[in-house]
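Only one chain comes next, encoded as structure tokens, the form predicted on its own.
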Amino acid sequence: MGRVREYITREIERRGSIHITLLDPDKVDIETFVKLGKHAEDAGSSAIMVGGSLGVNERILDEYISELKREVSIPIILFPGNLSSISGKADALWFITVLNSLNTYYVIEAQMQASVILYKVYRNLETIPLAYLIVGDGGAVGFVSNARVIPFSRAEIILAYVLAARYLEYPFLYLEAGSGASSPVPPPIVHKSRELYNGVLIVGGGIREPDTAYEIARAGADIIVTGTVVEKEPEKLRKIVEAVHRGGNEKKRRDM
């Protein structure tokens, strides 16, 4: 287990649930990117994910991450949208399988191609296996990943994929409603996913309010990811992080 993965595990054990901020270099200039990253750390985020579905390449990532690392001490984890979204400046990389993509490229072919690049060029970059399931609205990532997005009304199908991630022994599972989604993953689906899945459960998309973050953490999410809120309402981020920790503490007490 790598250093970043160990850190995430310790943080979850300590708090019950943690918050990670997602920043997209394609949406902001470098000065704003660094400012938002500093704000995320100050607000209590445990890590920063960097990536986006479109418009990001290695040169941009190297520049943005290098500047950010001068200002923050929490880990920076790549959240790649394509093969050019890899940077040796980051601390780790989510090695993603899109479970419900209709295109095998996002299931195994991109991973095969990335593996050669990682082995030859970025051998020191920590990789963390991640099963990625796109649900609800799905957002831009649903289109880009050619996913058969699963509506919340078909919870039984979502949970069948959750079980698949369990039996494939993915250590991390991300339920993604999509950036800027109209609705987040409902707490009952999060709760049932927590019962079925024995790895680290991540939930993101459509989480804009502290009460929502609290309910999702309390339902069983180990990690909650927000991105849009830090870009549009950065002053609200601290309250969301505090709500995640409160919900995580309740989850931890319930599970003891």
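Each residue number is its position in the shown sequence, starting from 1. Values in this document were obtained by computation on a predicted structure and should not be read as measured data.
Not pictured, yet referred to below: the form predicted in complex with a small molecule.
Novice: Heavy atoms within 4.5 Å of the small molecule in the model of the complex: does Y174 have any?
Specialist: Judged by the heavy-atom cut-off of 4.5 Å, Y174 is in contact with the small molecule in the model of the complex.
Novice: In the model of the complex, is there a heavy atom of the small molecule that lies within 4.5 Å of any heavy atom of G220, even though the partner is absent here?
Specialist: Flag for G220 set to no.
Novice: Might T226 be said to contact the small molecule in the model of the complex, defining contact as any heavy atom within 4.5 Å?
Specialist: Yes, T226 lies within 4.5 Å of the small molecule in the model of the complex.
Novice: Are any of the heavy atoms in L22 no more than 4.5 Å from a heavy atom of the small molecule in the model of the complex?
Specialist: L22: yes, in contact with the small molecule in the model of the complex.
Novice: Looking at A114, A92, L133, A181 here, can you tell me which has any non-hydrogen atom within 4.5 angstroms of the small molecule in the model of the complex?
Specialist: Filtering the options by heavy-atom distance leaves A181.
Novice: Based on heavy atom distances of at most 4.5 Å to the small molecule in the model of the complex, which listed stretch, 30 to 38, 60 to 68, 226 to 234, 193 to 201, is the contact stretch?
Specialist: Stretch 226 to 234 is the one.
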